[in-house]
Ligand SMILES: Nc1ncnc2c1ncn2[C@@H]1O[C@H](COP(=O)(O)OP(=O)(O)OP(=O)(O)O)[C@@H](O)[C@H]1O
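Starting off, we have a lone chain in the form predicted on its own, written out as structure tokens.
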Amino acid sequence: MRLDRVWLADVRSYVTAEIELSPGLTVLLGHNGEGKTNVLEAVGFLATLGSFRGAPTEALIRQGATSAVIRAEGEREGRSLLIETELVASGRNRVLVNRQPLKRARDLLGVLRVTVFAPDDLDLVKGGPVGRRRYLDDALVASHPRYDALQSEVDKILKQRNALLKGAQGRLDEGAAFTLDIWDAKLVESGGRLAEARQHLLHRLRPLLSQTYDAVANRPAAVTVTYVAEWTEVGLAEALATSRRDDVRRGVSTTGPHRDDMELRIGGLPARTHASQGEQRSLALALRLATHHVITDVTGSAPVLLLDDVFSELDPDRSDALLANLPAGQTLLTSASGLPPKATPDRILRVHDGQITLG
């Protein structure tokens, strides 16, 4: 899987731009605020119809414009690939794959896969469990689109269950209790499958995480990752029954896969509280690279790797180690601080004032 060219029209800071990419490492250099990340964001949007920055779709449209277009051509599984999307400020976005319109956004999943590392990924290690659950679930969807439907199903069940609990106002009558039994059974079935899929993913990820961390950090360390769910010992059905009284009192679901987490440790100590900033940064990057390898193994095709501002908090040794251990396939990398001395990119692009030039 690779992209050869990307076209932007009225996307963020760009009126128009045409970008030719290398099948190996393409580096975008420029000062902060020049628009380097905008290019990576646009490529990521073609894969997921969402911004890895967490921005709403309309934020990708250049100020003063009413719509934007992102277009990319490349190759997937030996066949030509053309993805086009039009973002409309006040209307429905349009997506075409090989000039055929998609009826549902979900149909785009798997057409183009990307692995993204961004500065905010430090929160995977330092932040709360929400970001780590999202990381796991996004990796599942990248491995197979069916997990998007499973996640949507679990979200729907939780929404209905929470609405019932909130409406009960601290007391369940016979009818509400019967309905809650139904939602509990659905949550046990679908939520259990989601938690099982997350744990299976971590099982595949675990040895790769240790290897990628050692490579990126340029020094060996005992790195472990564990799935954390308070309900696993007794099972979700019993845990829901035990927590029912508290759920009714609080009007919210307190047990289930939506409350699970994963624990990261370096040298046996929690990385969130005991690791240095450099170790945490290396661990976050290792998580993304390990996931990249897992998805490559599962799908048989390497995603496009997007590394945004990756050198900003890596020392020279770790920067060189990263470049020496980039996975096979296509990588787009941005940097505001130049490149390490040992860097040998296949293509260098300069970004300045909304213009992209070879250089």
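Residue numbers here begin at 1 and follow the sequence given. Everything quoted here is computed from the prediction, not taken from an experiment.
Below, we turn to the form predicted in complex with this ligand, even though it does not appear here.
Just one listed stretch, out of 299 to 307, 33 to 41, 286 to 294, 317 to 325, contacts this ligand in the predicted complex at the 4.5 Å heavy atom level, and that stretch is 33 to 41. Contact with this ligand in the predicted complex, defined as a heavy atom within 4.5 Å, is made by all three of R53, A59 and A336. Within 4.5 Å of some heavy atom of this ligand in the predicted complex lies at least one heavy atom of S13. Although the partner is absent here, T66 is not a contact residue: none of its heavy atoms lies within 4.5 angstroms of this ligand in the predicted complex. Along 144 to 159, not one residue places a heavy atom within 4.5 Å of this ligand in the predicted complex.
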